[in-house]
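Only one chain comes next, encoded as structure tokens, the form predicted alone.
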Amino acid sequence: MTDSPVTISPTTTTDAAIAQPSDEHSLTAGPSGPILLQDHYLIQKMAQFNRERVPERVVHAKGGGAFGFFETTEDVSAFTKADLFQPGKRVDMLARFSTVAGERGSPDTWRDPRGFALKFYTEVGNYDMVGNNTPVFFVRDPSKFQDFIHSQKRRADSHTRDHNMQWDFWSLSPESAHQVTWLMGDRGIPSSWREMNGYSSHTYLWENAGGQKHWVKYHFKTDQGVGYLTQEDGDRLAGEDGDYHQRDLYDHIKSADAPSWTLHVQLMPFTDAADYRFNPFDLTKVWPHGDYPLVKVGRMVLDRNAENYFAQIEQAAFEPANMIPGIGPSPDKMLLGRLFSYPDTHRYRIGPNYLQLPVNRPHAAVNSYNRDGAMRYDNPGDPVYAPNSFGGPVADMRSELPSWQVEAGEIARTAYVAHADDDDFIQPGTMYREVLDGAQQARLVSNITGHLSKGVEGDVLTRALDYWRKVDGDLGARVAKGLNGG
């Protein structure tokens, strides 16, 4: 029998690497005396502990993620010159999945859209995409976004979530009907993050090397197959294992069962947008695949868990403003609002130099005149201004992102220019009648009636029933019958 090797532990230090004499006893004036202010190690431990939590995200607070890679397997260079999407290109990436409305400690299996945020570490800078597991959203104008989120959070008086408040907002916002139909259907509670699709939802602009432009939407189709939980199973798991989705992803990657998604895009010729039958930049609408079929691009694989959740997932910062040459924004108003909103919330939540954190830092070289501020650890040297004659970084017009011509007109607060089929209830009605089978329709009715039966009353309930009648007469009648116990 051999002796076990002796493990020699390192000496405890302060965060300044100064060795400390005790992990157990504070410095006091005698055994029963007061604790001394000069016990710097104790003070550092307490002060650091008090600051361990950064503010949680206002939305998408509860989530998890993993690292992996994206590989372009097809040739779409005719549509974009973006480095990421050239044939055979492979880049490291990070994905984060989340619920939207719940706080950081809320259950994974509440009925809610799921965030699907991606960060690609390309050779020409980070490319970030923020999307959901649904191809549409509740509102089309960023002015309504904050109000929508407030309606899904907690009341000011009781500090509880309130279905009546939610339906009050939805029934007064008919553009929400398409997303609420998705939410109340099977995909409102995915069986796992691995078994759900991801969508850019927003429309972006692609430009090829010759300057030709296409509008584009991204579809990440799960290779595991789409799965869902019933309301009953979601409720049960919320009580049994609030971290069910988090645990599922972590365990599958740990056991070398790496989940993957196949990326397809829809491509609309640049000039089609002007007179398409509905506004293609409206975030509450989808592009029918019959008009713009899916084009395969590549494959995303998540094969590495985070080593430190706080450093690599909680502090991960995704922002749609991070676009690389060959990719640009569209006139989607929600997207344009998010170009400001996301980086602004990161500066508040984790500090002005959040892009210097390892998980957010690009793999490409950074040449910037930005400097100083809290937690800046890689400050550029002289020169500190541009233009200069001392060899500092110089801008290059060739890196301009693709854009579009803005039509002349009066500055005003207006809706999108109307197209022929710009009706908020056409697409959710089509979804109910032509996409869902009988069993899916029945579960949709059950989920809606179950949600409405929990505190929705008075004028709000009347409007909610009218809302579903406008989506489809049969659906509205079935919901009303279900509420009346029929």
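Quick note: we count residues from 1 along the sequence shown, nothing fancier. It should be emphasised that the depicted structure is a prediction, and the values quoted were computed from it without experimental measurement.
We do not show the form predicted together with a small molecule, though everything after this point is about it.
**Q** Does any heavy atom of N447 come within 4.5 Å of a heavy atom of the small molecule in the model of the complex?
**A** Judged by the heavy-atom cut-off of 4.5 Å, N447 is well away from the small molecule in the model of the complex.
**Q** Would you please decide whether V435 lies within 4.5 angstroms of the small molecule in the model of the complex, comparing each non-hydrogen atom pair?
**A** It does: once the small molecule is placed as it appears in the model of the complex, V435 has a heavy atom within 4.5 Å of it.
**Q** Can M431 be called a contact residue for the small molecule in the model of the complex at 4.5 Å between heavy atoms?
**A** Answer yes; at least one heavy atom of M431 falls within 4.5 Å of the small molecule in the model of the complex.
**Q** Are any of the heavy atoms in Q266 no more than 4.5 Å from a heavy atom of the small molecule in the model of the complex?
**A** Close contact exists here: in the model of the complex, Q266 approaches the small molecule to within 4.5 Å, heavy atoms only.
**Q** The small molecule isn't shown here, but in the model of the complex which of H219, K213, K333, H163 has a heavy atom within 4.5 Å of it?
**A** Filtering the options by heavy-atom distance leaves H219.
**Q** Within 4.5 Å of the small molecule in the model of the complex, heavy atoms considered, which of W110, Y244, W182, F281?
**A** None of the other options qualify; the answer is W182.
**Q** Partner absent here, but in the model of the complex, which of 84 to 92, 191 to 199, 311 to 319, 377 to 385 has residues with a heavy atom within 4.5 Å of the small molecule?
**A** Residues of 191 to 199 come within 4.5 Å of the partner.
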